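Given as structure tokens, the chain that follows is alone and in the form predicted alone.
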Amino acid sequence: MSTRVTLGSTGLSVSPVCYGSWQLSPRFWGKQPEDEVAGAMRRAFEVGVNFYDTADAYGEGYAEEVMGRALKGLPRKDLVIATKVFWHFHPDGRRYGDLSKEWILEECETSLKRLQMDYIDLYQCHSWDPLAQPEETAEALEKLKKQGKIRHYGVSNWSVEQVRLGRKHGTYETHQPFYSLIKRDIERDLLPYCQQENIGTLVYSPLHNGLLSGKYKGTESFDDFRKDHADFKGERFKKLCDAVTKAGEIGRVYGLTTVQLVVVCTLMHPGITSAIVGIKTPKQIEEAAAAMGKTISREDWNKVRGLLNV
């Protein structure tokens, strides 16, 4: 039987592991083979994952198109599809943040076409737009909900105060923030607030852009966006990789791979509903999905977090 959790006040029954598709954004990750990624999306469903997250910004629509093609033929009622809106694209490559009513209504239609779907289960504001009137943004989302084009809506990358302001005007039921065992800032304020308000939390990058996968030694170099990331360079990269190796030894006691250990520790936090894992291959989703429903002791949970507090 598949493991399911309830996503905040939405009532949506989702897998604790969510399939993430940011890797289909070439400007961050380079070009990925569509066939392999599409195969991984279908394999995810076979191993108990029903929750898929994408965004119009990932490859400027490319990720949504791939997901639409990959999931076609699977039972729509058994899938929970989340996508996002924020960037206003232009053919010449220009883009800027836009949560105006007009853009949200227009871009939702475009996302539906790319996904080849009649509705989106969860539509998220990808970031905070300082120019948008909160009541106007909420009005657009409520209109889409009444039209049946979206079932629920939420946010991503908003601060606690931004969520508070948004919720004065609309029923934002979920939040998608960055979180990893290396960078746990949101435990101080955002996660407690979401727990208090029954806001479903789907965290992204729990594997810290692959660093927590256990496959690096600290001597590697990168040709994607990580080449400029402080955690993937020099002495810090080496220290982090050594810490991940030590943490992995704790996982082995439980029969868990390093990836599975990280997913388990992430999901054990009571403020986190689902962990979005960026997946490129069928084997990767098989490994991540096998972490669902597992747990470790409180003592070992704290040991892992202590090791990764580098």
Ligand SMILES: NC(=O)c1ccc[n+]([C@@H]2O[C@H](COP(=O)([O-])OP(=O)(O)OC[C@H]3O[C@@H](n4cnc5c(N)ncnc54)[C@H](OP(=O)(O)O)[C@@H]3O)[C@@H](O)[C@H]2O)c1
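Note that residue numbering begins at 1 and tracks the sequence as displayed. Treat the numbers as computed from the prediction; the structure is a model and nothing was measured.
Beyond what is shown, the protein has a form predicted in complex with this ligand; the following relates to that form.
A.B. asks: With this ligand left out of view, which of Y216, Y119, F89, Y193 would have a heavy atom within 4.5 Å of it in the model of the complex?
C.D. replies: After the contact test, the surviving option is Y216.
A.B. asks: Find the only residue in N157, T110, Q162, Q133 having a heavy atom within 4.5 Å of this ligand in the model of the complex.
C.D. replies: Contact with this ligand in the model of the complex is made by N157 alone.
A.B. asks: Would Q284 show up as a contact with this ligand in the model of the complex if we use heavy atoms at 4.5 Å?
C.D. replies: Close contact exists here: in the model of the complex, Q284 approaches this ligand to within 4.5 Å, heavy atoms only.
A.B. asks: With the partner left out of view, is R42 within 4.5 angstroms of this ligand in the model of the complex by any non-hydrogen atom?
C.D. replies: R42: no contact with this ligand in the model of the complex.
A.B. asks: If you check in the model of the complex, is G278 within 4.5 Å of this ligand, heavy atoms only?
C.D. replies: Contact check for G278: yes, within 4.5 Å of this ligand in the model of the complex.
A.B. asks: According to a 4.5 angstroms non-hydrogen atom cut-off, is Y58 in contact with this ligand in the model of the complex?
C.D. replies: Y58: contacts this ligand in the model of the complex.
A.B. asks: Within 4.5 Å of this ligand in the model of the complex, do we find a heavy atom from each of Q23, L207 and G210?
C.D. replies: Each of the three qualifies.
A.B. asks: Mind telling me which stretch in 72-80, 197-205, 99-107, 140-148 gets its heavy atoms within 4.5 Å of this ligand in the model of the complex?
C.D. replies: Among the candidates, contact is made by 197-205.
A.B. asks: Going through 233-271 from first to last, which residues have a non-hydrogen atom within 4.5 Å of this ligand in the model of the complex?
C.D. replies: Read in sequence order, the lone residue that approaches this ligand (within 4.5 Å, in the model of the complex) is V259.
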